[in-house]
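For this one, two forms of the same chain are given in structure tokens, first as structure 1 and then as structure 2.
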Structure 1
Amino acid sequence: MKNTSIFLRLWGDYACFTRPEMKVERVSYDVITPSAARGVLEAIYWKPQIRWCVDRIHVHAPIRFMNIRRNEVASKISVNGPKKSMKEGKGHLGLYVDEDRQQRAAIVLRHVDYVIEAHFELRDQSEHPKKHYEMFKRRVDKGQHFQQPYLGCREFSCDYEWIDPLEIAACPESLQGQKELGYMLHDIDFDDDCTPRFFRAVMNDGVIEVPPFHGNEVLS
């Protein structure tokens, strides 16, 4: 365990970590992805001087799926529209939800409970890691965040709390043993033209080891 390691418990009623190969009708991964976990950490504490790295994901609730139907916007605004309007000084930028709405099915998770084990790396070596560690812990204890943390979709908000490693509960009986979860999104490589990178996720007794982002196990 690194001296900047943190343990954060997340839980919520619903979650949807959408598989990129099933975008039309949303289908969630079995568990939270490292990129979604990083998003929660950054929602609580983000500074340009640090970079969050997820090390392990502890799953503390049985994996349950359910089907729902939601109203979604069928299209999105083209990038060319705003560019043209900015160039010409006029144009139409609106998207009317009532005229462009459609209902889509989604397979989401119910009653999720995770512990995220992560650490941060310093982008600026002149910074003191203890300062950022204490600031993050203080914000978690006070329930402070820059934006509401959520589980995959913004409407699926989550609660969180600081947890000591010794307080991590044993995994449910249904999660004991080894389970192959297939290829899972690790994160987006923003330095390489926003390329998604994947890894082969394996859950052992409710724990998923997350390889380093630039490790050999992570593929584009």
Structure 2
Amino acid sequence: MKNTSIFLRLWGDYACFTRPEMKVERVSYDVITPSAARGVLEAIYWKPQIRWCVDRIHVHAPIRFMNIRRNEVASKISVNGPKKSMKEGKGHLGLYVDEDRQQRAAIVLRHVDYVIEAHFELRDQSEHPKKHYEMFKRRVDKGQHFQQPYLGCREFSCDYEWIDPLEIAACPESLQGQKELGYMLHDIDFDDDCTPRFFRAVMNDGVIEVPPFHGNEVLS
């Protein structure tokens, strides 16, 4: 535990932490990735002077999946269309969903409940860590955030609360013992041409230790 450690409980009805190798028909990882947890923290409070680092993930609900299939559009907006229309002052934009449709299934998590243990590093050493810590805590206590945090996809929004580390309950029976979750995305290295980095996730009695992002245990 560092002096800037925070503990945040997150829970929600659904979650989808998509495995990069199964992106077409989305399949979620068994648990939240450090990357998604960082996203939640940043949704609540972030400034360019700090960097959130996730240390531990506590899993507090049994891991359960469900399947959803939805109609989605197959394409993204190309830049050339609007460019041409802007230049010529006329044209047709827009996608016709019935001509450009794909049905995609997603295997998502149900009823998730985590405690994220994290700390922040200062990117600007002249800053006072206490300031950011207190601001984050105040926001969480008041339910304030920059944007509604979510669990992997924006339609799966989540609730959050500040939790005292002493109050963290034991994990459910089904998660007791050691579980190998295989290689899991740690985060994307934005300083290195957006390279994804992976680590071997092992859950001991519901707790996953997240190695430091630039440590030897994390591979790109």
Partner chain sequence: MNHRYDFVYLFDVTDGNPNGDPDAGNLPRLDAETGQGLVTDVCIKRKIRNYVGLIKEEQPPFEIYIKEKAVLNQQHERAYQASKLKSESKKLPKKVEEAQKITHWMCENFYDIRAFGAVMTTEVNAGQVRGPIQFTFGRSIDPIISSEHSITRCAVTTEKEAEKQQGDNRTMGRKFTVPYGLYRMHGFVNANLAAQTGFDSNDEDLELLWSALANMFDHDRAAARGQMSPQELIVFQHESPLGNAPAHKLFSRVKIERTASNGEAGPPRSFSDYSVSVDDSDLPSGISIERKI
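Rigid core: the largest C-alpha set superposing within 1.5 Å between the two forms. Everything numeric here is computed off the predicted structure, so don't read it as measured data. Here, residue number means position along structure 1's sequence, counting from 1.
Assignment: the form predicted in complex with the partner chain = Structure 2 is the matching one, since it is the form predicted in complex with the partner chain.
Honestly, after the rigid core fit, is residue 97 moving at least 2 Å at Cα between structures 1 and 2?
-> Yes: residue 97 shifts by at least 2 Å between structures 1 and 2.
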